[in-house]
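Here's a solo chain for you in structure tokens, the form predicted alone.
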Amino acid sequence: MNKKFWLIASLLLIASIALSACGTTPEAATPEATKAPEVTQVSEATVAPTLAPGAPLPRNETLYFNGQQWGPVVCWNPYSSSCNNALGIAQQDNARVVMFETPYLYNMLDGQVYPLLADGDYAWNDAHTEITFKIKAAAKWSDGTPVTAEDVAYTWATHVKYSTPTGSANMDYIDAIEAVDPQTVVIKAKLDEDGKAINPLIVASYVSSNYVIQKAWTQTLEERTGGDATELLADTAEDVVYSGPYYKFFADEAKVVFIRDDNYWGKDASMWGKLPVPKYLAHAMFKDNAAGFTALQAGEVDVSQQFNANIQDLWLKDNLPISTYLPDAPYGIGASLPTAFYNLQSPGLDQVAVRKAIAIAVDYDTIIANAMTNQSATFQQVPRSLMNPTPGEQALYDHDAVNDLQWAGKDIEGANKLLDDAGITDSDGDGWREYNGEKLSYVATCPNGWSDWQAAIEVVAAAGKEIGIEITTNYPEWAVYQTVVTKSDAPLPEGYDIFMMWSDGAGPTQPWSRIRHLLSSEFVGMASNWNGNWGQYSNPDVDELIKEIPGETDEARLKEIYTELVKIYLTDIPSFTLMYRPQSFHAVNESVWTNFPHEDDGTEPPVPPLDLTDGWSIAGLYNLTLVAE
């Protein structure tokens, strides 16, 4: 998917950036980079003086990115979800912790959380209704004051008071967050009628998904916005206080640059024990993927979070020092499942036979080879379910129990038989099947410019022709598409019979959250539905199973529930996955920097391929070394 859905700034290839003090996880081994050239360690003593904002950046101190920022930064407000500040602000399953920090860091590779602002592991009480953790004594704000439990509590109170996106997403599950003393935080879950936590998974995920924001600065923000929620969320927050290792250095229409805070508290022995290596993190606003790809080839980008077609050609054919997390296809960790949803109100798509026939006829191998240029596992390698390809999720359901329901695609014979047996035939000889006297004719769609999704949709359309179902394609602009698809309180209009949207990736609430977003009827009829189930599927049995998962601790019962949900999904087919997709694309050019995360690089805990910005992936910034000239 080309993420061109925001304002696109003019192409500007960034010139240079800096790195300095190194660091890795406490006790962690420095990873061996794939095909690593000779390296030189950067020392703090040799770092050049800080530059003036906007000045050319020293290449040997700067780590350059692409694929995250697709337009100028709007604000620096951690309470807002509208800052378009992709490199700096993202509260999510693997929260972006470059500038603002969470109590814990989630690691998608081992499913564990590791303390950041927190001191040690969090603990549930015996009733499993409260979580307690402490704040590190060393943790400091950028103004030098300590991070306290009161900051954590006041952050939550602010989210609730002003109905921020974080507050709205969590207030049905979190009753209160309290500061017991300056260092101790208690998160109290909301309880059901039986006195049990409504959703322990969401309560636990809060500590690795959401930032701690300074109370004193928040009060300043409240004062200048007069306590108005709209004004508070719209404030640009140029004066924001932060706790992370980087902060704003320069931003304009063409690029954004972060500079390392050399007073960052994380160099304390209780955390990293040193500073991250790069002095600057920079991101140009490239016009499109093609421009970003050219910059990656030229060594003007070090870390690429965009879809780069045929990425393997860069080292196999062009002999460039470019690599991916996995040395061979699919090159990345396929954590999310881009999915084709059916508009269940479209004539004929209320019939399982029609939905299944289309789904099993699609040539998924062509999608993976062409649309994804093999940057996805195949459905032979990872049979379809509701799970992503990670070992942890794959172990959660009984594969043998659903084997007869799974399909790998391009089953034209099976699809035709399915339709024939259902009496859905071509009765007038025009080459197209009819249902209830009406020709089966659909429009398949996705946003314009999302090239890999468009290529996938074309394959879906081609499958329809093979089985006598007319499927044409249409590609509206994202601004139109997202408005239509997310308006679940109105029927989808003509032209949205089959349409693509994303699914959740890896995170502390998965795969429960992904399944909920794919299948739960709670999203049916929402006026603004950014969650999922955009085809408006409803099944009371599914709802009950989804509701049971968060409070279930018996692993055998959880496996039964997940297996049953997979059975229902593969039987009813309200939507179908078209490919596996990396949580983040993560290609690196090692002409300037090396020791990026790679599979089996020896780092413990392993550093996930999330561009050295998200969750535990930020540990990778402490491992980087310069390539010797």
Partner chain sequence: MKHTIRQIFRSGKFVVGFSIFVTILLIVIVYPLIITGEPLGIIGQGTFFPPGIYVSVYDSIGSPSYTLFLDDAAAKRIASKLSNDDRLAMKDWLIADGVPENQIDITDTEKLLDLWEKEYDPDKGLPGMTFAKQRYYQRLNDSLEGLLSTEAAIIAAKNAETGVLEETGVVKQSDYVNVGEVASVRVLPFGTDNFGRDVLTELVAATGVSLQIGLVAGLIATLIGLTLGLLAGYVGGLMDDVIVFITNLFLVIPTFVLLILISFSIGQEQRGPFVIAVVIGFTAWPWTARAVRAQVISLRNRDHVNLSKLSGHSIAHIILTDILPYIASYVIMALILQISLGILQEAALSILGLGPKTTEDPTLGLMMQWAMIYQAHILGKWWAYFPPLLTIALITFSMNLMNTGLDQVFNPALRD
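Residue numbers count along the first chain shown, from 1. No experiment lies behind these values; they were computed from the predicted model shown.
Heads up, the form predicted in complex with the partner chain isn't pictured, but that's what we're talking about next.
Report task. Name the stretch, out of 57 to 65, 556 to 564, 569 to 577, 594 to 602, where some heavy atom lies within 4.5 Å of the partner chain in the model of the complex. Result -> The contacting stretch is 594 to 602.
Query raised in the report: Would the partner chain in the model of the complex be within 4.5 angstroms of a non-hydrogen atom of every residue among Phe293, Asp452 and Glu458?
Result: Yes: each residue has a heavy atom within 4.5 Å of the partner.
Query - Interface membership of Ala422, the partner chain in the model of the complex, 4.5 Å heavy atom rule - result: No, Ala422 sits far enough from the partner chain in the model of the complex that none of its heavy atoms falls within 4.5 Å.
Query raised in the report: Might Pro321 be said to contact the partner chain in the model of the complex, defining contact as any heavy atom within 4.5 Å?
Result: So Pro321 counts as contacting the partner chain.
Query raised in the report: Heavy atom to heavy atom, is Glu548 within 4.5 Å of the partner chain in the model of the complex?
Result: Flag for Glu548 set to no.
Requested in this report: State yes or no: in the model of the complex, is some non-hydrogen atom of Lys140 no more than 4.5 angstroms from a non-hydrogen atom of the partner chain?
Outcome: No, no contact at 4.5 Å.
**Report entry** in the model of the complex, the one of Val352, Ile412, Ala309, Met526 near the partner chain [non-hydrogen atom within 4.5 angstroms]
**Finding:** Going through each option in turn, the one that passes is Ala309.
Query raised in the report: If you check Tyr162, Tyr247, Tyr154, Trp315 against the partner chain in the model of the complex, which one has a heavy atom within 4.5 Å?
Result: The residue in contact is Trp315.
Requested in this report: Counting only non-hydrogen atoms and a 4.5 Å cut-off, give the residues of 353 to 386 close to the partner chain in the model of the complex.
Outcome: Asp363, Asp365, Thr366, Ala369, Asn370, Ala371, Thr373 sit within 4.5 Å of the partner.
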